[in-house]
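Here's a solo chain for you in structure tokens, the form predicted alone.
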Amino acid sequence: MLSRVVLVSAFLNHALSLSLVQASRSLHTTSQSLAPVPSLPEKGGKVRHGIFPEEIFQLLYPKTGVTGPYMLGTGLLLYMLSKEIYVINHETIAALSIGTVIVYGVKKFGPDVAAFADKLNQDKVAKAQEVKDLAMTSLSQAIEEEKKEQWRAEGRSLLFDAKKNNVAMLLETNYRERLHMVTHEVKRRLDYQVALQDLNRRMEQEHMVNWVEKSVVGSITPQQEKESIAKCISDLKALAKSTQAMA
């Protein structure tokens, strides 16, 4: 009997310590860790006989062996009944009936209800995933558009440089055209001056030739003209005779 009391007290102390640890953890107010929090399990831990956690058996195995948890439970039940801590009455019968109905309902309709709940959960998860995918798609498009705008903004400097180069080339072309026009005009005027000087020189030469010819013609006497004509006629005759002799 004392061994049973010792086991019960040890079990109660361990359960109390676990509850205190859990309470201290729930009331922990320090800063949260930045490490990724593990996801919650989708299914509960293992139980035996529908209500007894597997951890109780694992806790008692090293001290009591395989039959220890069962003996502990049976001893606690017999102790409570023998000391009339718990009295069996009509409420116990009602509780057993209700428990039997609940267990039967869980066994009978539990899988269908679980499948329906899972389907609802899957629908909610699918809708949430769809919303997430749409949001991710829109955000990805926004990121791509932003990158494209940044690329265009970077290309503006190149465009401005090209426009500056074009303006500089236009100014250079305009300057060279005006320089060519000035050079052409200066050359045309210089050519005009050269042509004017050539004209003056040619007019002077023609005037000088005409004056000399007129002076020479005026200085020839009629006798000299007759002698010159006679000399030309004699030269022509001599030339004709020499031509006939050669023929």
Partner chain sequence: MMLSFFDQFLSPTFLGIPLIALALTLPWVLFPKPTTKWLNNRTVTLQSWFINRFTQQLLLPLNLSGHKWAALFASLMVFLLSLNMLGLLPYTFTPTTQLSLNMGLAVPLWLATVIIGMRTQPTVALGHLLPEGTPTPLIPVLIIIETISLFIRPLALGVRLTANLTAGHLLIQLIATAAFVLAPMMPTVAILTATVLFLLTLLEVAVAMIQAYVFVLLLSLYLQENV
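Keep in mind that what you see is a predicted model, and the values were worked out from it rather than measured. Positions refer to the first chain, counted from 1.
Omitted here: the form predicted together with its partner chain. The next part is about that form.
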| Given that the partner is absent here, does Glu84 sit within 4.5 Å of its partner chain in the model of the complex, heavy atoms only? | no
| query | Does any heavy atom of Arg156 come within 4.5 Å of a heavy atom of its partner chain in the model of the complex? | reply | no
| said: When the contact criterion is heavy atoms within 4.5 Å, does Asn121 count as touching its partner chain in the model of the complex? | reply: yes
| message | How about Phe116 - does it come within 4.5 Å of its partner chain in the model of the complex, if we only consider non-hydrogen atoms? | response | yes
| request: Go through Val66, Leu40, Val217, Ile51 and name the one with a heavy atom inside 4.5 Å of its partner chain in the model of the complex. | output: Leu40
| remark: Among Ile143, Leu78, Ala168, Ile93, just one has a heavy atom within 4.5 Å of its partner chain in the model of the complex, namely Ile93
| query | Counting only heavy atoms and a 4.5 Å cutoff, which of 131 to 139, 145 to 153, 97 to 105, 67 to 75 contacts its partner chain in the model of the complex? | reply | 97 to 105
